[in-house]
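Coming up is one lone chain in C-alpha cells, specifically the form predicted alone.
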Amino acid sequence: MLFFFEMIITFRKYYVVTAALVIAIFSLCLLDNCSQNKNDDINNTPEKKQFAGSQTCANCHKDIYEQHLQSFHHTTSALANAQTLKGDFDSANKIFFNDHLFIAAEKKKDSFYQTAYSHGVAKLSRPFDIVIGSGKRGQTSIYWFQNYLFQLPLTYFAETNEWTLSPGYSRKVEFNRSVTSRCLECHSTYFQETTNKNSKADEFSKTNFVLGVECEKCHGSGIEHVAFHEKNPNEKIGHAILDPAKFSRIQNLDLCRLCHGGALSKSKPSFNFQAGNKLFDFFQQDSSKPISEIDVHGNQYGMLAVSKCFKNSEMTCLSCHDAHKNESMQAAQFYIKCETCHKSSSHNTCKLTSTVNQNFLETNCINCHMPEEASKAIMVIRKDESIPTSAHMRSHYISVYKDISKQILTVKK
C-alpha cells in the first residue's frame, strides 16, 4: 500500500549538494488517501497517548497475537533492519539518472542506506530508518532528520522484484519528500506529533510512536484493561477494552474506512479518531464517486459500497476478513464466505457450477468476481524506463466480469 504526494513545501536550509543533485521538497503521502493541509494540525495536536503494547496482549491472547504478527496490519511499518527490509543490497541495485548520476540501495556493515553518487563519488547518503508496507506489493522506506520524516527515493517493487523510483518521484535525485501525520495514521498505531507554528513540515517525537497497525489501534488503549485483569485474573469478561465484533455496522465500517476509504480530508488532527467513533466527526464528508473513478488501491470501501452484495446485505469488512490474520493466498477461504449467501437453495449461486469442478469454483470465485486490476494511484518507474508501471491490487467491486471469467476458463481448458 502505498505512497502519494500532493503538497510542495519550501525547505531550503538542510542540504548542500553538488549542482548535479537537484533537490526538491515535497510532502509525502504513502497512500492515495493521505491528503492534508499541514497547517490543519498546528496548535491543535492531540494529547500524548499511552499504550500497553501488543506484547502485553500476548500474555492472555497468545494465539491471536502470534497470528497477528504474520498479518499485513502488523507488517505495514517496522524499524528497518535485515529482517524487515525487502530487496537486494548489492552493486547491481542502482537507478541511473544519466551516465554518471545514480542512487544505490546499499548495505554498510549492519546498516542500510540509499546513496546518491555523481561520477562514482558518494554525494548524499540517508539511512533506512523505518520501512512502510508489508512487501506484498512493495515497500518504501523513510528516514529521520531532526524531528522530521522523509521518504527515500527508491522503493522495492515486489511484482518485478527490483528497486524502482518511488511513486510520485521524477527522474531527479530527491531525498526530501516529507511524511505527513495523515500518512502515518494509516501505517502505524500512533505517532506523537510535535508540530508547532515554526515547523517547516509535520514534526514527530522520535521516542513516542507505535509502528504497525497493532491491537490497540482497533481495541483502544489496553493499559487500564491489562491492569484490571492482572488484579482480577479469574474475570473472563473483558474490562475497559473495545470489541469491534460488538460494534454497529457503521462503527465497523468507519473503523476500516479510516485507512481503506479513499481520500479523506481531515477536520481534526490525525490520531484523534478512535475505534467506535463516527468517522465524519473527524473528517469532512466526501462525495461519492462513480465506480470508474475509484482506484483499486486505498479505497476498498468505496468499491465495496457500490457493489450489490454490500447494498443488499448488512455485510461489513469483517464479514469476509479476519483482521488478525494474513489471508493472502487463501482464495478457498473467501469462497466459503461468499457461499454463506450464494447458495443453491437461494437460487443465487455461480452459473458455472454445472460446468466446472468444485476445486475450480473454490480457487477462482474471487478471481472471477473480484479480479486484480492495475492501480492508477500506485505506479513506479522501473530501471531504464520512463513510462510508469502499475501495481496490481484486488478490486473490491464485487461484480460479474465476463471478460475476466472467459480468460480464466480459457486457461483452465
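Note that residue numbering follows the sequence shown and begins at 1. These numbers were taken from a predicted model, which means no experiment stands behind them. Only the largest set of C-alpha atoms that superpose within 1.5 Å between the two forms is called the rigid core.
The next section is about a form of this same protein that is not shown, the form predicted in complex with heme C (HEC).
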For the interface check, one of 196-204, 286-294, 335-343, 116-124 should have non-hydrogen atoms within 4.5 Å of heme C (HEC) in the model of the complex; which one? 335-343
Within 4.5 Å of heme C (HEC) in the model of the complex, heavy atoms considered, which of Phe282, Phe72, Phe209, Tyr143? Phe72
Of Leu165, Ala80, Leu258, Ala105, which residue is found within 4.5 angstroms of heme C (HEC) in the model of the complex when only non-hydrogen atoms are counted? Leu258
Residue contact check: Gly138 to heme C (HEC) in the model of the complex, 4.5 Å heavy atom: yes
So in the model of the complex, does Cys218 come within 4.5 Å of heme C (HEC), heavy atom to heavy atom? yes
Residue contact check: Val380 to heme C (HEC) in the model of the complex, 4.5 Å heavy atom: no
Residue contact check: Cys186 to heme C (HEC) in the model of the complex, 4.5 Å heavy atom: yes
In sequence order, the residues of 207-240 that place a heavy atom within 4.5 Å of heme C (HEC) in the model of the complex are Val213, Glu214, Cys215, Glu216, Lys217, Cys218, His219, Gly222, His225, Val226, His229, Glu230, Glu235, Lys236, Ile237, Gly238
Using a rigid core superposition, assess whether Glu373 undergoes a CA shift of 2 Å or more between the shown form and the other one. no
When you overlay the rigid core, is the Cα of Val356 off by 2 Å or more between the shown form and the other one? yes
